[in-house]
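There is one chain below, alone, in structure tokens, taken in the form predicted on its own.
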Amino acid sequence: MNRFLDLADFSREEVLDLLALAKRLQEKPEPQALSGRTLGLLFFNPSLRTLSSCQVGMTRLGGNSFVITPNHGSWQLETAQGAVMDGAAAEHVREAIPVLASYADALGIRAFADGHDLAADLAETRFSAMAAVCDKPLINLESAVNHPCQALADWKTMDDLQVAAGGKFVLSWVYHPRALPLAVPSATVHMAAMRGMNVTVLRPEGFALPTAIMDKARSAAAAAGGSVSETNDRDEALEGAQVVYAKEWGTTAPYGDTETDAKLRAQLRDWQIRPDWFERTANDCRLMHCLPVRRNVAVADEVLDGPRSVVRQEAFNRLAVQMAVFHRMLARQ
């Protein structure tokens, strides 16, 4: 495996094989598998689970890692193509990434969406430009509209919990004081569809996921025997659900308009997941969230601290799947 950028780049069988490797490495680590190997990590945006799981995962496999956070101990980096660099940025990614790649055996990049141009973000314009100048194995640690490592960990979490592949999976928008990117909801709806779930996207008016994201998920569902639908009817969506995946994202109508977004979400504080959301779900329905989560804003304490919540298990699984990706990418055969 040379690149891990999107679960859609792999067949369902390849994903299942990677998950089997994650389970094996979790149960029986290989502390010398990546001896002498180095992972470079370029983080344009904050992280807790992604950064720490990458570093710990490489260490547990016997490898090393280094972290670059632009403008925090290193030069501020310019990412725009054709930029006239007379501002704060001292170096362009077109020079920085090849240099970092030359020091490492693989590179992981985290670069959120710009959040202003939907077409550009859907096309992964910025991430693709950086990938084009990286000649080493590359891992997407969250881009404009994708987070494959999180999606893989979520798939493993449902496998661990023995959630039926054909079960009902609800991706629900939840309240946040400001707009957040589309990466996790996009990766999540595709992951659940690829797993063969019957997926419902529950969201208020104005927060529908872009057509391209929904069409991609529907295509994956058709291949795996699942389905994808969307609604703003909470009772309809939650009826019989085995999983409720809570996630925040910004308005897509219009995308990137902070004034419109603020007006829309100001009326939506009741989109906080509380115990009464589970009155219509399956008895064993689980609450998932990628973290970080704002308590008593997106999800109530009673739910996060209750028996339905598996958010910590999701976070733990980030380590296992990161190790599997690194092992598959860098282990000497």
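Quick caveat: nothing in here was measured; it's all calculated off a predicted structure. Counting begins at 1, following the sequence as shown.
Same protein, other form: the form predicted together with ligand CP, not shown, and the subject of what follows.
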Partner-facing stretch of 100-108, 233-241, 174-182, 140-148, counted where any non-hydrogen atom is within 4.5 angstroms of ligand CP in the predicted bound form: 140-148
Proximity of residue 60 to ligand CP in the predicted bound form, heavy atoms at 4.5 Å: no
Touches ligand CP in the predicted bound form: residue 36 (any heavy atom, 4.5 Å): no
Distance check, residue 48 to ligand CP in the predicted bound form, heavy atom within 4.5 Å: yes
Contact of residue 290 with ligand CP in the predicted bound form (heavy atom, 4.5 Å): yes
Sequence-ordered residues of 310-331 touching ligand CP in the predicted bound form, heavy atom within 4.5 Å: 318
